[in-house]
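Starting off, we have a lone chain in the form predicted alone, written out as structure tokens.
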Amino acid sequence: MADETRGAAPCPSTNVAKRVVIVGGGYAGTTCAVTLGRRLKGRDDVEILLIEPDPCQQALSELDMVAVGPPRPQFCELWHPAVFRKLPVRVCYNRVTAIHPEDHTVTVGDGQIVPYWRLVVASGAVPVVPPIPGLRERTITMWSVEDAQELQRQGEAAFKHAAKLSSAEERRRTLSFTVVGGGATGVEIVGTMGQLLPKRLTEAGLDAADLQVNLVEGRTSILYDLPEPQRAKAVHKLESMGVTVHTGSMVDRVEDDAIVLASGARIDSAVLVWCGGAKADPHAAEWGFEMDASKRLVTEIDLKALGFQDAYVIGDVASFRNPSKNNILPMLAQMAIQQGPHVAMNLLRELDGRPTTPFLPHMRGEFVSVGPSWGVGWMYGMNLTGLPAIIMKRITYVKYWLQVGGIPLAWKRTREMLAMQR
């Protein structure tokens, strides 16, 4: 969640018998609020209050479309006022600065105290930027539409500067783009770079042969969450686009126009993007709940915060142990989208005086785009590559839009998505 609170409005005060406060408006918080709002239409004894500083949810898996493609930031944004317009969900655009679980209250902005009957913590995650010399000063993280637009701005500036240079060597240094992090976000960004930047250079009258695009991953392979054959196909596709893939060595330091790996290799990097992982919202560590070693908030089997009967934790900030595999669920939108509605249904059960039910996650598949029109992934144990994979990835978008906005939003966004593919 954002740190900015100045200028944010206080949360309106109402008198209700029971208030559900949802902290965070990402995938988990939004799906929880939508599911609960639809089920509670017509009831005036329960208030749903979503507290989130940003009026729109942002989709990380679609940022490459803004970062490298035409400037369509709205494609990566889902506006809360539109989603909740016909639902009994009140949104307070502010930041939670403290939670007092023993008192059943949250503190908002500069000090407003908001009591709750039930609390849902869904404050998400933030990018991890390690203390590598020169990194924080030189890199762009990829965590918001603003980050994607900054990458586009730096790319445009590199194009303009390269056009003035007579030396091919200087042009190559100026047109060097490096993405660090071989997970899904990094591969999607660098894949879109590999497919679209040569076309944009040619359209600008520049030589695409001067372009350098690099992907750096400290582990021995990219896309570690996918089956090995799919990883190999992704590397092959990237290389066919002209992307150089560097694996097996961490970044040691960042210089003005290059990065230096621990192996000693030096990679030209006029434009540097950091996709090196995420960590749970650090503010959550101050809110009085049990944490695991990674500072995610530990949950019970029904997604309630460990030791608390009136607070749930969902999404990236939650440390939920999968009972079938005995592993902590990864930070994936797919898991957040399942947890949000499950908690909403548990809240409805509590309103009716019934016991809550355990959360049983279902990992149905995972898809990663490698460029706008090609992908890799799997579903229900079956590997998919190329057009079928990208189609399945786009279908997951449509399903989410249908889930939170119904047919009108799904149809509108599908038309936009098809237009962007042309």
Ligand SMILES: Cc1cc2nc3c(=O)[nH]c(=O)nc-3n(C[C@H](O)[C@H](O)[C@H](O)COP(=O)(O)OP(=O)(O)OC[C@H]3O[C@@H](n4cnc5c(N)ncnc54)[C@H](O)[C@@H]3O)c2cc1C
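Treat the numbers as computed from the prediction; the structure is a model and nothing was measured. Start at 1 and count along the sequence shown; that's the residue number.
Unshown form predicted in complex with the named molecule; subsequent notes refer to it.
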Is G124 part of the interface with the named molecule in the model of the complex - any heavy atom within 4.5 Å?
yes
Residue-level question: is F177 within 4.5 Å of the named molecule in the model of the complex, judged on heavy atoms?
no
Does any part of W287 reach within 4.5 Å of the named molecule in the model of the complex? Heavy atoms only, please.
yes
How about L60: is it within 4.5 Å of the named molecule in the model of the complex, going by heavy atoms?
yes
Would you point out which of 148 to 156, 265 to 273, 342 to 350, 327 to 335 contains residues with a non-hydrogen atom within 4.5 Å of the named molecule in the model of the complex?
327 to 335
Residue within 4.5 Å of the named molecule in the model of the complex by heavy atom, from I51, I48, V68, I390, is I51
Checking M142, V106, C76, L238 against the named molecule in the model of the complex, the residue with a non-hydrogen atom inside 4.5 angstroms turns out to be M142
Within 4.5 Å of the named molecule in the model of the complex, which residues of 24 to 50 have a heavy atom? Give them in sequence order, or say none.
G24, G25, G26, Y27, A28, G29
